[in-house]
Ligand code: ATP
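Below you will find one chain, with nothing else, as structure tokens; this is the form predicted on its own, and questions on how it binds or moves follow later.
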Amino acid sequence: MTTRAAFVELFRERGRELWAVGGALRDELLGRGGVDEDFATDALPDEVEAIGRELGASLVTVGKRFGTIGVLLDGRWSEITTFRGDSYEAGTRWPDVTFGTSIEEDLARRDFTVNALAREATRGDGNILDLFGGRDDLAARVVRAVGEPERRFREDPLRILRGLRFSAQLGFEIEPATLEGMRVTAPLLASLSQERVTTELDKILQAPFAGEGLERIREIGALGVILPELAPMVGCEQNSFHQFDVWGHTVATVQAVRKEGPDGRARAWAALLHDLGKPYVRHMKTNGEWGFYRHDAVGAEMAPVLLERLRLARKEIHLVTLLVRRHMDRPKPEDRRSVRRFLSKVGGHWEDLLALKRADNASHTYDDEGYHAALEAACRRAVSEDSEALRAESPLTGDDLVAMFDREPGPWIRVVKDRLSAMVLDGELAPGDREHARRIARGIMKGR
């Protein structure tokens, strides 16, 4: 394993500068840990690669044309980037990169003051170079652009979303001039590749202050640029069960949803999209209240189209769509059959759906936690006691039915199998009772 100490020492021996920079240094000053350490250097990428190979280090060179070599040090990945003197053309999807000559020039090209900090690794004296007041902004919990904000964001519009993401992750305010620069340049977000935008949206949605991040997206006028399908939520009034309009309720739901665990990302996206269909089905009911009939079904039709555009993985698109479609389901906890049907519809994701339902209730004008607690208990009991029935498969296959009735395959097979599966689920038919299933199937076919 290549050690950080050996890597740093080889730079020192060659007379090269090596500065620790970026998020690890920022988070160290905040008392946070866990971020891989990155470096800036005056060595060109070819020399950085050669140093790594001399030490036998594991390397990643896909970013070499942008001046970055990935090196595995002490079992953790670090990016070693040649001093930047980046030149950008406004509206381009990727920045053009030129190399700089000093750490001062490199820091002046960075996005925010809290990221424009450096410590010379080859000296080991612990002194931090802070040319733009980054430590003061860390203390004040402020995100501030380096230099003139509008220029920074025109150079690379992704910095707009990065700033919102830092704010959402750290709970920092955005300095007014920086926020105004974001507002002025927000239309340039349309020039970015979808992958870059989605990466930042992912991080915002899963951040501790995700709700504030989303509200700032709306505030700077970026919602219609990067998530136009959600723009009609803003100002879409709801009924008396809600404290906010559809957008405000969505923001509150994203903030409230539990995001830990393997499906945390899908839950965050489901919280964002669960009421996607509401503005498109809203109608006034006879009692004078707004109605949103079938908004769950309409949202489930819209969600996969949106998520495919955002380039989410197929598995996550399926899960998010399932949660959107089923978020209005309200089984009766005291009714065992009702709970079984609920569980069968969500394919093992009942805990994800319950997390969404609880978050959905966070900004209602009534407290539904008693119902959710009872439903959770009923689901756990059913999973424990009714596991065989919950598989709810017809004891007879399609081939069995074709042989029984000597008919060509067709939609009739699905009708019979669905009825048999429902009876298994409801406890009216044992999962392996093929003889009883045949009698039932004959009765179904007689009635057709």
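Residue positions are given as counts along the sequence shown, with the first one as 1. The model shown is predicted, which means the values in this text are computed figures rather than measured ones.
Below, we refer to the form predicted in complex with adenosine-5'-triphosphate (ATP), which is not included among the displayed structures.
So which of R325, R282, R159, R119 reaches within 4.5 angstroms of adenosine-5'-triphosphate (ATP) in the model of the complex, heavy atom to heavy atom?
Selected option: R159.
Let me know the one among Q255, T321, N115, Q238 whose heavy atoms come within 4.5 Å of adenosine-5'-triphosphate (ATP) in the model of the complex, would you?
The residue in contact is N115.
In the model of the complex, which of the stretches 335-343, 272-280, 151-159, 239-247 has residues with heavy atoms within 4.5 Å of adenosine-5'-triphosphate (ATP)?
It is 151-159 that comes within 4.5 Å of the partner.
Indicate whether the candidate residues G22, D111 and R165 are all in contact with adenosine-5'-triphosphate (ATP) in the model of the complex, with contact defined as any heavy atom within 4.5 Å.
Checking in the model of the complex: G22, D111 and R165 are all within 4.5 Å of adenosine-5'-triphosphate (ATP).
Hey, in the model of the complex, is R26 touching adenosine-5'-triphosphate (ATP), heavy atoms inside 4.5 Å?
Contact check for R26: yes, within 4.5 Å of adenosine-5'-triphosphate (ATP) in the model of the complex.
D42 versus adenosine-5'-triphosphate (ATP), in the model of the complex: is there a non-hydrogen atom within 4.5 Å?
Flag for D42 set to no.
Might R183 be said to contact adenosine-5'-triphosphate (ATP) in the model of the complex, defining contact as any heavy atom within 4.5 Å?
No, no contact at 4.5 Å.
Counting only non-hydrogen atoms and a 4.5 angstroms cut-off, does H295 reach adenosine-5'-triphosphate (ATP) in the model of the complex?
Outside the cut-off, so no.
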